[in-house]
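Consider the single chain below, provided in structure tokens and representing the form predicted on its own.
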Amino acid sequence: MTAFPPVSLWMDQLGAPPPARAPLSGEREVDVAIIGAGYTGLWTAYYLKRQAPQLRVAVVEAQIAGFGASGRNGGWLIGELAGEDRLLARLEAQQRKESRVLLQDIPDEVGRVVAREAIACDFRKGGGLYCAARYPEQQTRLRRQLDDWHRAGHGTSDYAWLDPAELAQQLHIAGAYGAVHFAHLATIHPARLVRGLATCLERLGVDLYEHSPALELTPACVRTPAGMLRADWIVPAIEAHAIGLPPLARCQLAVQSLMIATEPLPPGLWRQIGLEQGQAFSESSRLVSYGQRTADNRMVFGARGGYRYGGRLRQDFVLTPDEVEQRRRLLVDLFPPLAGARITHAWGGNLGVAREFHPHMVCDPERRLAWAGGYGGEGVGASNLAGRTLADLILGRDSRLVRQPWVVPADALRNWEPEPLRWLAYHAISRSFAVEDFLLSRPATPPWLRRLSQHWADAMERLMEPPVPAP
């Protein structure tokens, strides 16, 4: 096993480390100052400049563009939001339909931008396969979820059931009981998208300063080690890193996601697996596992996560041998032909989870702040929607984007409970999911114990969910 790169497979594939952009030095006045050169910050800058080219926009980044979650994720570009159905339940039927169209268009909107701006990021819209793979209870739960999606107004062109034979035409996964195909999903090369956006913004006249961490945020001012931005509007586009920056810290937590990648696999091995059209896949355990086939024929696979007491960020993402082996074992359970494949990369990243378990997009006109976050691991697509929405909020446009239920006032955000409640709840919920997964994946587990493990996991899952409001 080779030494793992410090960021991710994706950043490693960019080749030699990109030359660092100059840090902010001295004092500057701009119209909009953005903290963070990840997807949220760059998309916000992009749509601001597209709609109002005269604006002076500057971005400060603590490391380099894409160093955070935008250069570390699984490359899923999803046309949905975490907690979407709960959010849309607040709306009347016609509004729900319009909001759904807006969400489902996210991958196509990104596709239009990367085509227009000539950003080569391996964009492929092959849909997603949510697989019931390792035990029959997954099929029951996935079928129930499919019924919920259809009752909520999604059609079979959005979510469709695939029986084992139909699934095998796209993906050969060991012991699969079936899958749901979700049409509105694309896969990308995350680092090429974020670095391509950064280059595009410089062409549009945005100033991007790297190695310029925001040390202090005050009204109309961002201070870095060697400089200061005075701005009419400030956009803290830092998602999980908001833990150190009030008022964002109180309403979302940092959790960790971990991934591995194989060496490039030969064509004969891929014929035993599938994924020929850029599809992504996930396995329908409550302990989420997911992956995609990269453009250079690697298998990228993510599974399980972590939470640190107090919501602390994880800084060291050199995975331990045990962390790598746990994910390799899960991968081989799903794809036995990969038993001999070499793992060449392992990495992780911090992501933000909101107390409502769905994203928020916020404009505070009194403090001249606009921000978004709480993507819950689906930020590749949600950040594009957030960038468009924040741009309209800042520009004062009364658009369809700003009239959505995920656009909320700052005082509407729910706070997370204090420690040690968060830590105890996280580990209780994770433990219940792990026990359920362990028992259900073993055919010898007696029926009463299978039912008990599901009831326990169901109860723990309900603890995570706020009530669905009446429309």
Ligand SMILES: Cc1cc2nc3c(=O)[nH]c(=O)nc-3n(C[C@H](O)[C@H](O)[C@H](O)COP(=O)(O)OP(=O)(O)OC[C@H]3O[C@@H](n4cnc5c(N)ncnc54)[C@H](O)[C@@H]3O)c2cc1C
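All residue numbers refer to positions in the sequence shown, first residue = 1. Given the structure is predicted, the values throughout are model-derived calculations rather than measurements.
In what follows, reference is made to the form predicted in complex with the ligand, a form of this protein that is not presented.
Would Ala214 count as touching the ligand in the predicted complex under a 4.5 Å heavy atom rule?
-> Yes.
Can any non-hydrogen atom of Glu378 be found within 4.5 angstroms of the ligand in the predicted complex?
-> Contact check for Glu378: yes, within 4.5 Å of the ligand in the predicted complex.
Exercise: Asn73 in contact with the ligand in the predicted complex, heavy atom 4.5 Å = Yes, Asn73 sits close enough to the ligand in the predicted complex that at least one of its heavy atoms falls within 4.5 Å.
Indicate whether the ligand has at least one heavy atom within 4.5 Å of a heavy atom of Tyr290 in the predicted complex.
-> Flag for Tyr290 set to yes.
Contact assignment for the ligand in the predicted complex, among Leu81, Met259, Leu248, Ala198, heavy atom within 4.5 Å = The residue from Leu81, Met259, Leu248, Ala198 that makes the contact is Met259.
Among Gly349, Pro107, Pro359, Gly387, which has any heavy atom within 4.5 Å of the ligand in the predicted complex?
-> Selected option: Gly349.
Based on heavy atom distances of at most 4.5 Å to the ligand in the predicted complex, which listed stretch, 57-65, 422-430, 400-408, 435-443, is the contact stretch?
-> So the stretch in question is 57-65.
If you look in the predicted complex, which residues in 147-164 sit within 4.5 Å of the ligand (heavy atoms)?
-> Heavy-atom contacts to the ligand in the predicted complex: nothing from 147-164.
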